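Single chain ahead, written as structure tokens, the form predicted alone.
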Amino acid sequence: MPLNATPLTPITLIIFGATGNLATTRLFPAIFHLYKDQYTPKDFRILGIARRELTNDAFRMLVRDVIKQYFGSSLKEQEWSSFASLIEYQQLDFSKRRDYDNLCTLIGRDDVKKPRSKLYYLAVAPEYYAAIFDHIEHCELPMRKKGVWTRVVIEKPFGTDFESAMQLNNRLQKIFHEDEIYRIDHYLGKETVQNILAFRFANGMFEPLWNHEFIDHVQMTVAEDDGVGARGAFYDKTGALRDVGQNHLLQLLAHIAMEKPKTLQPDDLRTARLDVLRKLKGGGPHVDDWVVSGQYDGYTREENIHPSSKTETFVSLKLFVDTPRWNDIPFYVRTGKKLARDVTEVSIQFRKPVQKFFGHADNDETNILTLRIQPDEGIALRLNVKRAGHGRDLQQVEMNYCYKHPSADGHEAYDTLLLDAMHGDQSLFPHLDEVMASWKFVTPMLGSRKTKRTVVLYPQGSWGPKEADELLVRDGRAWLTGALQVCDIHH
């Protein structure tokens, strides 16, 4: 539950792109979960909007199928019937104004009796944003009335580079106020990401060590074992750096590297993340010294991919955070598709003891702290201890904390973020300044990529190009993914 949560007013949730992959696989299961556990308001309405020609009943059956797939035998018919009664569907061509006139009438129908708060969710490709903004402004859909609110949730990537992100925001802020705009990065809703702050600032044993005096380096991996799938048309125009690097990776880094926020209130959390994003710098004099771009073998044979595409499906970076806490400490980050396994984790390698206290019996293995974001969420710490028996030989042991579920009550990232948006808590939503700071850092890399097209092939099922390994090898280091077990239930 968000901080300082108050009872919710009547809400209409309007989902653009309601038949798409995001809405069906993520949003509707999350909405049903919140409804089932009584987190939604008593007066709640869901309006699905998409281009497909569907009746209300046909759309409800589509939603039921995905919820049934998600919840299985635990789905009770009475709960579903009650939820289905909240759902309506409206076919709409995003570019046709007359369709929005019908939408305006439909949304405003219930406002005649009682004003309702509106939460717009744009689960559509970014190229449709401008048209949607233009038309909802024409219909005066974001009308503000006393006692209710209007908010909009926008999926990443927010823009394609610094300039386009600024143009998109200028257009958006002609309709919505900044406190009404929720730029969603679902990684910030993941329980283990939120737990980074608790782990750091609620444990006196770790925060004093969280700096360059005790940490050797930090590694971050966001790896997927599948390919682009049905997202080919979108992905080939986007690439790994835009799709994951500019948002997920840099937001994870900000949580690891931030200074202690003044409070846990939204403004203070966002300021702490922003301070990190503004202090990022590359790990070498030339972009190619610290950026590796790769493409998995077979990508150009995927559906809706151009045969000569140079779009990267993998990117690895060596970064620094130019603050006293992280003086000269490298952050190695990577993300990619068709990699060896599906895993997201952050590993912090501590420095070796300066003095070989145990002499020849000292072990060269360092202490490692790993925070697993997904799957099998948990935290693991590797320690050196004396081996049982005679002598002073050392061995490595691991201490694990595992989540049985993504969170204590079974809720996942989109559940958390949707609930926060309804309550007006922007703590887990990047501020415009964060987005722009990220793009300011990332955009020069995009320019280099377009100019030189240095994209190397890597085998499917590997950990990416060998050049990404060399980023660390030349510093006398190696990737740590898989070094600790971290609740590996599935492996």
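The numbering used is simple: start at 1 and walk along the sequence shown. In this text, all values refer to a predicted model and were calculated from it rather than measured experimentally.
What comes next is about the form predicted in complex with a small molecule, which does not appear here.
Contact with the small molecule in the model of the complex, judged by any heavy atom within 4.5 Å, is made by just one of 151, 248, 255, 116: 248. Residue in contact with the small molecule in the model of the complex (any heavy atom within 4.5 Å), chosen from 325, 97, 392, 231: 231.
For the three residues 26, 156 and 337, a heavy atom within 4.5 Å of the small molecule turns up in the model of the complex in every case. Per the 4.5 Å heavy atom criterion, the small molecule in the model of the complex is contacted by stretch 186-194, the sole one of 291-299, 186-194, 87-95, 100-108. Although the partner is absent here, residue 420 lies well away from the small molecule in the model of the complex, with no heavy atom inside 4.5 Å.
Using a 4.5 angstroms limit between non-hydrogen atoms, residue 224 touches the small molecule in the model of the complex.
At the 4.5 Å threshold, heavy atoms of residue 180 stay clear of the small molecule in the model of the complex, well away from it. Interface membership of residue 309, defined by any non-hydrogen atom within 4.5 Å of the small molecule in the model of the complex, is ruled out.
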